[in-house]
Structures are given as C-alpha cells and as structure tokens.
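A single chain comes next, written as structure tokens; it is the form predicted alone.
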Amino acid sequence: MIYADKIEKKFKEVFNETPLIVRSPGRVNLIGEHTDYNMGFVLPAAIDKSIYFATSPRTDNICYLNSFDLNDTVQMAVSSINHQRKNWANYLLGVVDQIQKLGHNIKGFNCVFGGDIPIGAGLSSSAAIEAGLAFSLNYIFELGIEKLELVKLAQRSENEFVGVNCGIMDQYINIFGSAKKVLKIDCRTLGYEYHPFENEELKIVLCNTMVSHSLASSEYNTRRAQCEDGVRILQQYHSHIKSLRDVEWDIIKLHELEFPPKVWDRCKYVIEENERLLKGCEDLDRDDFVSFGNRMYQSHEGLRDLYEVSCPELDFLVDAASKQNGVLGSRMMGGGFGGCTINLVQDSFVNDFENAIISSYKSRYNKTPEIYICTIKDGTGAL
C-alpha cells in the first residue's frame, strides 16, 4: 500500500484536504489473443500492479489533474474540455468528456494519480487510468453509473478522445476483476463468467522483451482485414455467419480450398484459440494447471506459425521458459511483435526461473529483460 500512501500524501500537500483513494489495477490475459475483434472469448485477470487515484470534488468548474510520476499538472474548466499536447492528460479528460456526454453535469475536481504499472509492457496502464478515474468521479459525485456502463464509458474515452481503437477487454477486467479468479468475457454478448485461479503455489511471471516493433499497428490492421476476408468467403454459403465466432471447424473445413493460404491460417488460428480458451476454463475448474499450461504453449505456437504476430525475442523467451523446471506454460501476450511473455511458474522455482531467463536473454540479445511477478487481485475499488 506504499504507493497509495505516496499519492495521498501528495494530494494533502497540494490541496490540504482528505481525498477518496481508489486503486485501479493493470491486467494480464491468460489465453485468447486476437479473438476479441473476432467476437470470440478472452480470459484476463486483474493484477496487483496498479494506478492509485486521490480525488475530491471542488465547488468551482476547474478540474485539476496532477501526474505524480511525471511531476506534471493540467488545469482546465470542466465546461471546455479539449485535447491536450500533454498526452497523459487526454486519458483522463476523455473520461470527463464521456461523463458529460451521458448527461451528467459535474463540477470541478482535484485529482492526483500515479502507480507501479510498467508503461509499454502491455499491462494496460491506459485502461487503469481511464476506468480508475471513471470509478472515482462516479463515486465522489454519486452519479449512479452501473459497472458495465463505466466499462463502456472508459473504452469510448480511449476510442473517441485519445484516438486509440482498443477493444473492451482491458476496461472490462479493470472494473470486474476479482481476486483469485480469471474472467471469461464473451466479446459478442459482453456476458462474463468467473473461473477459479486459486493455486497458491503458482505465480504469473511476465518477461518483457524490451522491444517494440513498429510492425505492430499496420500488421494488426492487416490481420483484422484477413479475418474479415475469411468471413466474407463463408458468408456466401452460410448467411448466419457474422464473425469468426460463428464458424465451426467442420464448416470452414468444407471451404478450405477457396481460402488464400494466409487467410486460411489466420482463421484457423482464431477458431482454434477460442476452442483452447473454452477447454482451458474447464481445466481451471478442475484445478488442472498442467493441461492449462499446455494450452498456453499451443496458443503461442498458433500466434507464431498461423497468425504470425510473434517475433524472435518472444519466441526465444517462450523456448527458454519451456526448458526451465517448474514452468507449466508460456506464451506471448498482447498484440505481438514485442512486449511480454506470460508464464505460469511454480513459486519455489521463480527465483531460478528469473535468473536463468535474464542470463540467457542477455547473452543472446545484449538486453536485460524486465521481470514482473504478479498475483491476481480485485478490480477497481475504493480503499
């Protein structure tokens, strides 16, 4: 709780009053990558790396934002919210903008925020900022906005104000996360189910490649278009198909020869990944982490060979992990072409794992990978 104390102390120094303190977590995704925009399933969890907010209502019209980590401030009238050169502020101002678009006339507020979610590691610090402020303002102004609407509001703020066309998973798990549970989200219906992740002897360990390939955004759009091409081919014969979520293996197999090879690979991966995720939830219900870990390896193989969004550094880390004692599963996590691998490691082997990965990666790439050891915690809430 040390970080929350720092944020509260800073707030009291600046505003000389006692704030509401809210913790807003980062997230990992255990399995189910590139399935969200194909209306499939994802399986994220909220983690102990978090952004903390200290907020209080003002009596005037000014919102006063203070980034603790950047030691920077922005002040603006709530009635004239506009895009800022300081990009960090846009993640917050977009939330204020969306609250007003819902018809809520809020007054000004004071806000200090900061946290320990590594930036650029794929742990979704942006959603933690958006959903955390949305929760805080809903609380201090007693707006009565339901949890799912907070999720949608936070996503819209990133889509419309920040200008990033993200899916809904990150904001969803931020609000709905629960300790010792993963959340299966149906990206078509927005329904959800909790599944247990209660093995005290297992740690989620993230290994950051420390690379971010410029391919990611253009290749993301290409993959999305290829999946849509596959859907169009199938729609000629099956009018009920709206997305790859609607496609069963026996149906697509009938039409394999009509698919360009790359489009076939992309669609095959998505259909298999959804099936892996559903079977993985059954594994967790049985407390069968060996089977679940094997599905993580299979997920990585699909992302590498069929979806082609991995990179040599990610493949190296997964391969290195597979050779270590106590590792049950490993795969790349996120959009690809860099970022982190996610690994299931038995607690007693975590130190050995960390040392071995750092040593082997450094000797291969002359870079030290950052290692983050995570536990599954509750979603956003007031402390």
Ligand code: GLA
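Numbering starts at 1 and follows the sequence shown. What you see is a predicted model; the values in this text were computed from it and never measured. Throughout, rigid core stands for the largest set of C-alpha atoms superposing within 1.5 Å between the two forms.
Beyond what is shown, the protein has a form predicted in complex with the ligand; the following relates to that form.
Give me the residue from A121, V78, I175, I168 that has a heavy atom within 4.5 Å of the ligand in the predicted bound form.
By the 4.5 Å heavy-atom cutoff, the listed residue in contact is I168.
Go through Y297, Y220, Y194, Y139 and name the one with a heavy atom inside 4.5 Å of the ligand in the predicted bound form.
Checked against the cut-off, the match is Y220.
How about P57: is it within 4.5 Å of the ligand in the predicted bound form, going by heavy atoms?
P57 lies outside the contact set for the ligand.
Contact test in the predicted bound form: G334 vs the ligand, heavy atoms, 4.5 Å:
Result yes; G334 sits at the interface with the ligand in the predicted bound form.
Using a 4.5 angstroms cut-off on non-hydrogen atoms, would Y37 count as touching the ligand in the predicted bound form?
Result yes; Y37 sits at the interface with the ligand in the predicted bound form.
With the cut-off set at 4.5 Å between non-hydrogen atoms, does K49 touch the ligand in the predicted bound form?
Output for K49 is no: heavy atoms all beyond 4.5 Å of the ligand.
Can you say which of 199-207, 81-89, 101-109, 160-168 gets within 4.5 Å of the ligand in the predicted bound form, counting heavy atoms only?
Stretch 160-168 is the one.
Does V309 move appreciably between the shown form and the other one, meaning a CA displacement of 2 Å or more on the superposed rigid core?
Shift of 2 Å or more: yes.
Please determine whether the C-alpha atom of Y52 is displaced by 2 Å or more between the shown form and the other one following superposition on the rigid core.
For Y52, whose C-alpha is compared between the shown form and the other one after core superposition, the shift is less than 2 Å.
With both forms fitted on the core, give yes or no for whether the Cα of G32 moves by 2 angstroms or more between the shown form and the other one.
The answer is no, as the C-alpha of G32 shifts between the shown form and the other one by less than 2 Å after core alignment.
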